[in-house]
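Presented as structure tokens, the chain that follows is alone, the form predicted on its own.
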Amino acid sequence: MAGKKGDWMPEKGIINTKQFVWLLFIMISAFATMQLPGMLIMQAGRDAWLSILGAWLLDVMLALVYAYMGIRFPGENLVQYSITILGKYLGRLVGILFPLFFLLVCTIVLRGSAQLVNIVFLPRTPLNVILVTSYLVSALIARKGLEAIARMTELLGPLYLLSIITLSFLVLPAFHMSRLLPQFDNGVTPFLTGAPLILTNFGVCIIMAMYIPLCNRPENGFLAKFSAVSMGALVVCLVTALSVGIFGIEDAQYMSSPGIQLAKMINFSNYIERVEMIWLLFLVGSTIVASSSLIWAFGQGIAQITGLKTYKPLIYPGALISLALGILSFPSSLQHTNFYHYTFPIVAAFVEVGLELLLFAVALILHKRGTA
């Protein structure tokens, strides 16, 4: 039952705080550094990098809520404490929205990654072949459990962060500060509309509420999220500011992936070229690992909704559903981009902010707490 969460956790792996941080960092960087900088520049112009700082502050405030709920309901993730707070039936109805949201995010991430690989790396390979391969690898990793995923992020996370910092230093000579000025040239509206867009991307770290019960130090949930979102905001801010400062607003806003365009600028006296391939490998690796975490969270959540003893039988069906959505829902790259830009922020805000704050408020009003 909902009160006895100790034997209702179909995952045995345990992660430490460092792994917690890298899990969240990979989630943010994989989701927010592909298409988002270009969209954000289109939305906020020169103020795009300021919108990132605003979104970072708002996301840190949300992290306080996520972390507090993890402590108030020890041993329970957000699916489980939805049932504890709202009851057996309404709790399941609300709780199932979280794993479905994770599957939607997985669909957007892997479709965007496949499109990027198709354009930059494998232009002659059918997009669906890249998608199927990506989902197969993600599902195989997801079945290994969160502990295995966390160990992969410990290696991939620092390498990806280092690659972004190195990229930034290498293209810095071409940067023109004057292209970032003046700030608020069109008032505060661009900044105010840009911040929610990036917030909903940072907000995918609501998945931290699935990690907290499996962390050996659950009280470090806020520290992990603060560290991860700070590094993630730095990465997105660097890519966004450099794109505006080097390419200008007029060109940067129409780039499908400004980060790739920055990497294409690097060559070492014509002896080493196509450096963007190295950065693309890190990016694709991050999206695969992030997607495996999202598929794992979907399986974990549905298993707890339905009362299954293990999430593993749900991994391949979940990956198949997400694959079908990625192919059938977005016949073209333009439709995927439009959904990501205009529809996803609304859905994400409802789940990441609306539902979580609803659970938070009801728990306080009804004096609900975990029993572990």
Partner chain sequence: MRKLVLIMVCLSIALLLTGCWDYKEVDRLATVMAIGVDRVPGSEIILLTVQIASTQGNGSNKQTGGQRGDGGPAYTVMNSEGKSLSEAIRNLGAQSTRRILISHCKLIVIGEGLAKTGIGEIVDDLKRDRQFRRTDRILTTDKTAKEILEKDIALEQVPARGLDLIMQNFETAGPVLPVNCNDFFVRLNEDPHVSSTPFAQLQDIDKEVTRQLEKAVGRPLDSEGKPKTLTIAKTAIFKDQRMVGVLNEEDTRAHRWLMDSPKGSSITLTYTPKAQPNEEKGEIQLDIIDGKTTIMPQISENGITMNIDMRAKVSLHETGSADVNVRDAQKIEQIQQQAEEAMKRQLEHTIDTAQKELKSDYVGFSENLHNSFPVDWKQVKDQWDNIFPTVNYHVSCEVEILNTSIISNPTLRSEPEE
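Residue numbers count along the first chain shown, from 1. All values reported here derive from a predicted model rather than from experimental measurement.
If you look for the form predicted together with its partner chain, you will not find it shown, but the lines that follow are about it.
Option from 219 to 227, 203 to 211, 161 to 169, 239 to 247 whose residues, in the model of the complex, bring a heavy atom within 4.5 Å of its partner chain: Of the options given, it is 239 to 247.
Proximity to its partner chain in the model of the complex, single hit among 90, 71, 140, 188 (heavy atom within 4.5 Å): It is 140.
Close approach of residue 265 to its partner chain in the model of the complex, 4.5 Å, heavy atom: Heavy-atom contact with its partner chain at 4.5 Å: present for residue 265.
Partner proximity in the model of the complex: residue 255 to its partner chain, non-hydrogen atom cutoff 4.5 Å: Yes, residue 255 is a contact residue.
Contact label in the model of the complex: residue 94 to its partner chain, heavy atom within 4.5 Å: Result no; residue 94 lies far from its partner chain in the model of the complex.
4.5 Å heavy atom contact, residue 231 to its partner chain in the model of the complex: Because no heavy atom of residue 231 falls inside 4.5 Å of its partner chain in the model of the complex, the answer is no.
Within 107 to 128, the residues that have a heavy atom no more than 4.5 Å from its partner chain in the model of the complex: Heavy-atom contacts within 4.5 Å come from 119, 120, 121, 122, 123, 124, 125, 126.
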